[in-house]
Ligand SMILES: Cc1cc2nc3c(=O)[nH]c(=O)nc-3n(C[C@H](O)[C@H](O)[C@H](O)COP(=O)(O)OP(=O)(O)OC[C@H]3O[C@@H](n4cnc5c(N)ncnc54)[C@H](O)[C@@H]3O)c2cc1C
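First, one chain by itself in C-alpha cells, the form predicted on its own.
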C-alpha cells in the first residue's frame, strides 16, 4: 500500500543503500537464526531494533509517508528482506503488530487515529495486539459476547478475551465487542482501540504444556473507552474484523507486504538444514526411510515457496481476490503439521526425553506438542476451506440458522467469571 505521490527510488540504488546501512548499523546473526520466543527480553530488544530501522529510514517501507512510513512499493520491501536476512531484526513484531494491526488501522482508522498511532507503531514505541478470541466462542468470531455499553463519556467494556499473544508486554489492542444485541450477530459489533494497562483490565498469562507463557487472557470490568477510539463505524465492526482477518491470513501465509525481515523462527531452508543435522545427530543419515522423510519436508517447502509466489502475484495483479490468502494459510498450516510429524519421527525417543547432547531432538518433541496451533491461528483449517469455496471459487454459502436473527435471541454461551485473585 505504497504512497503513490512519493518519489520512488529505483530498486538497484535502494538495494545498495540498504546493504550499506545494514552492514554499518545492524548485527549479524549466527547460523541458528534469532530466538523464536515472545518474551519480555525479545520484545524489549525488538523495540530497540525497530527504532533503529525507523531512524535509518527502513521502517514501514510500504506505509504512506504522511503516516510515518517510506511510501515505497512491495518490491522495495522484498529487496530489503533479501538484504537483511543475515542480520538481527525485530521479527517478533511482524505478527501481528506490523502486518495485521497497523494495516487494519491504515484501512479503517480516522486520520486522527492514523496520525496518533501509526508513527509510534513504526518507531517501535507502542506495541499492538488483537483482543479477538473469547473463552467460550470457539471459532465463531461473530458470536462475540464481550459487550461495550454506551456511556456519557463514551463506552464501558465488559467481558473477556483469550489467546492474546504478548498482551502482558503490549500497549494497545484492537478489541471487537458487541454493541447491539437486537441486531443479527454480524451487524451488532464495533471495533475499539483499547489501552491495555489501565484500570478495569486484568491480564493473566497462560502457561502452556511446553512451558511457554506468551498467551494471555484478559478480563474487562467496566473499562472506559473514549468515543474517539471507535475504529470504523459503530455496529459495523465486522467489516473491520473481516479486513483484519484478511491481513492475518496474508501475514501467516507469507503474502503480506508489511513484514520486515524474516518471520519468527526458522526459514524453510533453515528448517531443512535442521532436519539434516537431526538425522546426522541421531545416527540415521544413511537410513533410507529417514532420507525419504527429509526429502518430503524439502518438497513441501519448495511447493510452499512456489505457491506463495503464484498466489501473491495473482493477488497483486487482482487476478485473485484478497481472500485467496486463505490458500496460503491452509497450505502452511497443513504442511506445518506434517513437518512436525516428520521431525518427531526422525527424533524418535530422543524427542520425548533428551539430554544436553540431544537438545535439537527435544525441540522437535516440543514442536509436536503445539503442532495443531498453526491450524487454528488466523482461523481454523475448516474455516479456510469455507473461505476458499465461497469467496474464491464462488460456491454457495454454508447454511446458518442464526444469520438474520437478533443475536439476543440466539443461544450462546455465557461469559466465564474470573477466578478468585491468586
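Residue numbers count along the first chain shown, from 1. All values reported here derive from a predicted model rather than from experimental measurement.
The same protein has a further form, the form predicted in complex with this ligand, not shown here; the description that follows concerns it.
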Contact between residue 69 and this ligand in the predicted bound form at 4.5 Å, heavy atoms? no
Hey, in the predicted bound form, is residue 367 touching this ligand, heavy atoms inside 4.5 Å? no
Would residue 382 count as a contact of this ligand in the predicted bound form, using a 4.5 angstroms cut-off between non-hydrogen atoms? yes
Hey, in the predicted bound form, is residue 154 touching this ligand, heavy atoms inside 4.5 Å? no
Of the residues 337, 307, 162, 234, which one places a heavy atom within 4.5 Å of this ligand in the predicted bound form? 162
Residue (of 284, 133, 323, 81) lying close to this ligand in the predicted bound form, criterion heavy atoms within 4.5 Å: 133
Here the chain appears without its partner; judged in the predicted bound form, the stretch of 346-354, 163-171, 219-227, 188-196 with heavy atoms within 4.5 Å of this ligand is 163-171
Within 4.5 Å of this ligand in the predicted bound form: residues from 203-223 (heavy atom criterion): 215
